[in-house]
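A lone chain, given as structure tokens: the form predicted on its own.
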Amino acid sequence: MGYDIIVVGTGPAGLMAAEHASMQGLKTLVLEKHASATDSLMGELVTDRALNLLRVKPDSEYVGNKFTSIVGESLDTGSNIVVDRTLLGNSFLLDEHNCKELMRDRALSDGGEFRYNSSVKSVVKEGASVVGVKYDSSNEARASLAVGADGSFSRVSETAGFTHPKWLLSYGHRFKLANCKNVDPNVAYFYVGKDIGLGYLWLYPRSETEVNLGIGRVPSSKQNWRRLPPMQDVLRKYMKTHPETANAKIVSVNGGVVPCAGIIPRFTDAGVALCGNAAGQVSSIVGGGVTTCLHAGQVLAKHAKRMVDSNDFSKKSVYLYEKEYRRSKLASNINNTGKGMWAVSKYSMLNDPIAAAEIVLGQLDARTLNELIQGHASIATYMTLMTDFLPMVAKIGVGYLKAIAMTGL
């Protein structure tokens, strides 16, 4: 074999896998379809866990800002709820460019090889095992382990035979803005509204004059999707109608597609493994995919080292990576939020999700909402929902049951 491991894609999962595989002495090749490792979109809002995985400090150049509160607000009515630091904990805005360069440079310093403008077309198989990948028009690279970290529409996944029976996707766009005015750098915002649809618009300040403004939207149905204005139009409308961004300059535009249905049924096989978005290792709530992807890349690299040392890349051996990942708390959170997104998607087929969001913003307290979003609500929280907020729960629940009955899902 030419390499111990080939990593396809330079998102957070792929770069973390490449960094740790190279650090452990594995002969590593990274293939990226874009011109550089920093071209693809990476999430930014993280907690201490992501900083620990990246091995960076909060006051370093790899962290662009730290927030003391997060506000959820309706663009239509102004209803809002504030989650302050007592509930939030530490919340940071990564400098994604610097973080991706850091992981790339660490891999390079330990002998990792990167090839850009290299679009992977398929895996290469010998018998039942994957032994490499084909890329561009006629190039081929061979390795003991091929890693598909190439996103939601992974070519490695598709050509290796993995399936996605419940593939629910969030489509997003993001503007980086400069020349903003009077921005409070301590507060991050999440917005809902009729123009946004099933999803949210976010504003993450980097400073008093710079912000990241983005939108993510999940299509609940073709009809609902077609009724909505284009996402970039929604961002531009926000800019024009808010004094902080009315005269801002768009420095860059980026976008991406994020899976939000939970981890896929199987993401390993003989000689091949998926990582990050390709495996559905993303929590769809408030950009929770960065930490889960970094964690997945680290776990995968550890098992890649084990496979190389034992010279065992069989289906059973590669599966040990999947087995460990599925047992992690992060994996449990991913699947819980995935189930929640499927429920919301079903609800939105026949009900107005924005009306439901207005009810939540107007009635729930910050602590309860934060626990539900983070996926660690206690029995006491659920009991509170069924007592103090019973009318709200009943109203939304009836709509959900109606959607289940009508769609047959």
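Each residue number is its position in the shown sequence, starting from 1. As the structure is a prediction and not an experimental result, all values here were calculated from the model.
What comes next is about the form predicted together with a small molecule, which is not displayed.
- Comparing 114 to 122, 236 to 244, 161 to 169, 262 to 270 against the small molecule in the model of the complex, the single stretch with non-hydrogen atoms within 4.5 angstroms of it is 114 to 122.
- Highlighted residues G199, W225 and M341: none comes within 4.5 Å of the small molecule in the model of the complex, counting any heavy atom.
- The small molecule in the model of the complex comes within 4.5 Å of no heavy atom belonging to L26.
- Under a 4.5 angstroms non-hydrogen atom cutoff, the small molecule in the model of the complex lacks A21 among its neighbouring residues.
- The shortest heavy atom separation between G256 and the small molecule in the model of the complex is within 4.5 Å.
- Taking the partner from the other structure, the small molecule in the model of the complex has no heavy atom within 4.5 Å of any heavy atom of A17.
- Listed residues R104, R174, R217, H303 were compared with the small molecule in the model of the complex; R174 is the one with a heavy atom within 4.5 Å.
- Only one of M42, L54, V63, I70 comes within 4.5 Å of the small molecule in the model of the complex through a heavy atom, and that residue is M42.
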